[in-house]
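Just the one chain here, the form predicted alone, laid out as structure tokens.
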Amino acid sequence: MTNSEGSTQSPDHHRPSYHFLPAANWMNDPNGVIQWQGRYHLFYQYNPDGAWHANMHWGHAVSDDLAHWRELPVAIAPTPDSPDQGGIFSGCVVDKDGTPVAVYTGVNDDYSVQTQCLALGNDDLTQWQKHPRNPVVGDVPAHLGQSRDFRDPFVWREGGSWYMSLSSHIAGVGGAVLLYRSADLVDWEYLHPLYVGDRARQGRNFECANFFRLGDKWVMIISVQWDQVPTNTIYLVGRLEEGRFIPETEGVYDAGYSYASLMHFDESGRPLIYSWIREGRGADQQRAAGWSGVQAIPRVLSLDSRNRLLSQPVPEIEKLRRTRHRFAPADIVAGDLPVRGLALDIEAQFDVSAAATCGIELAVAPDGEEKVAIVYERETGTLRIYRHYRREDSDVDSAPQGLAHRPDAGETLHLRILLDGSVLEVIADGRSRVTSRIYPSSAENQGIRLVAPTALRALDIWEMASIW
């Protein structure tokens, strides 16, 4: 396998082939996603020194079609003896009257001081000049207590002013999203908390909060930390009154390894969301592999009539589909299917009333002992992922994953499944999502098997081309 610059990468059946990740080293949060002069730009947290979290830079990739990505040189690096000397943390890119402006969190060496900074980009977003007034937001509001969590600026324009949300927490209360206002992106006024969470229900700290309009509603997507650990991503839908967000609907955006999501509206007005897919294996294994972290396939967001947040992979990735395998119920004699692969796009429909449990097993070993099972359990109304390995490994997470989900009246269960090496993205009926990681012990673990074939109503499996 080679990257866009021609360097050779060693074979690794855990490494995705149609999800973006840099040629090597650590990546995490997507940053600064924007369509600029027709091209999609993805910046991301990146350590050029190795496959571990340290020395954060903004990596950079570009795409003409949201399917094929080309890795570019590092975009923004820390500057010694400056507000970002310890790293360039997460943020966004906005268009200020034709000038691209990156708004990001700069940190000191031990991350105890987190401030907000600006950088101005050139026409192709490959060169960035840091603003002489950095940091443009330096002081943590006193009512937060002694918080060192003060980061992840998300900026939008509304009614002639710029607004910025920052993610933090209030000691003893819970996560908080803070609201700022500016006329020029440089001088910022702190207004008040835009939203304050409930620690018992929504975790200790908020990260990477996004706030945006969808139709006549406002949507907030928040990555949640319990203690110091990234956990999951939630969403809230509601209204904005006097600068404060009032949720009316709440749900889980993703119950798995998806985290630190970032959205933008592209030039056609589509709301697109990107996410970091964390690893499910230990630090030593990540270092040995030489890479860590993957970007999820971008998704298009919408709301249904009940204000539930829907998402679907961008249709552009369908151009990566190759051989198609279509199965009707009459085609299925037993559970095993005559298809194999670790790079697949699957659409399956099930009648959940026809079986207590239904679904599909992927990455099945020749002896059947290793596999990942994606199943719907009717009695509990739960979508679950079970990862079965031949041997237990304390450095590989194998705990069950899942969330509550019930098809609406008259609705069959529709699963969209993206399998790509160690990455597994599962979307049920567009509104329930679980992203998982699997680490088969052998590249031969490519079998596919149905759970309760009598419940199947339709199945399409596409083999996927590599973007490399």
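Throughout, we count residues from 1 along the sequence that is shown. Being a predicted model, the structure only gives us computed values, none of them experimental.
Not on display, but discussed next: the form predicted in complex with a small molecule.
A.B. asks: The small molecule isn't shown here, but in the predicted bound form which of 370, 254, 207, 84 has a heavy atom within 4.5 Å of it?
C.D. replies: The residue from 370, 254, 207, 84 that makes the contact is 207.
A.B. asks: Which pick from 416, 68, 53, 406 sits with a heavy atom within 4.5 Å of the small molecule in the predicted bound form?
C.D. replies: None of the other options qualify; the answer is 53.
A.B. asks: Heavy atoms within 4.5 Å of the small molecule in the predicted bound form: which stretch among 315 to 323, 296 to 304, 151 to 159, 184 to 192?
C.D. replies: Heavy atoms within 4.5 Å of the small molecule in the predicted bound form occur in 151 to 159.
A.B. asks: For residue 90, is any heavy atom within 4.5 Å of the small molecule in the predicted bound form, or not?
C.D. replies: Residue 90 belongs to the contact set for the small molecule.
A.B. asks: Does any heavy atom of residue 436 come within 4.5 Å of a heavy atom of the small molecule in the predicted bound form?
C.D. replies: Because no heavy atom of residue 436 falls inside 4.5 Å of the small molecule in the predicted bound form, the answer is no.
A.B. asks: Should residue 260 be classed as touching the small molecule in the predicted bound form when contacts are defined as heavy atoms within 4.5 Å?
C.D. replies: Yes, residue 260 is a contact residue.
A.B. asks: So, in the predicted bound form, is residue 432 in contact with the small molecule at a 4.5 angstroms heavy atom limit?
C.D. replies: Taking the distances in the predicted bound form, the answer for residue 432 is no, it never comes within 4.5 Å of the small molecule.
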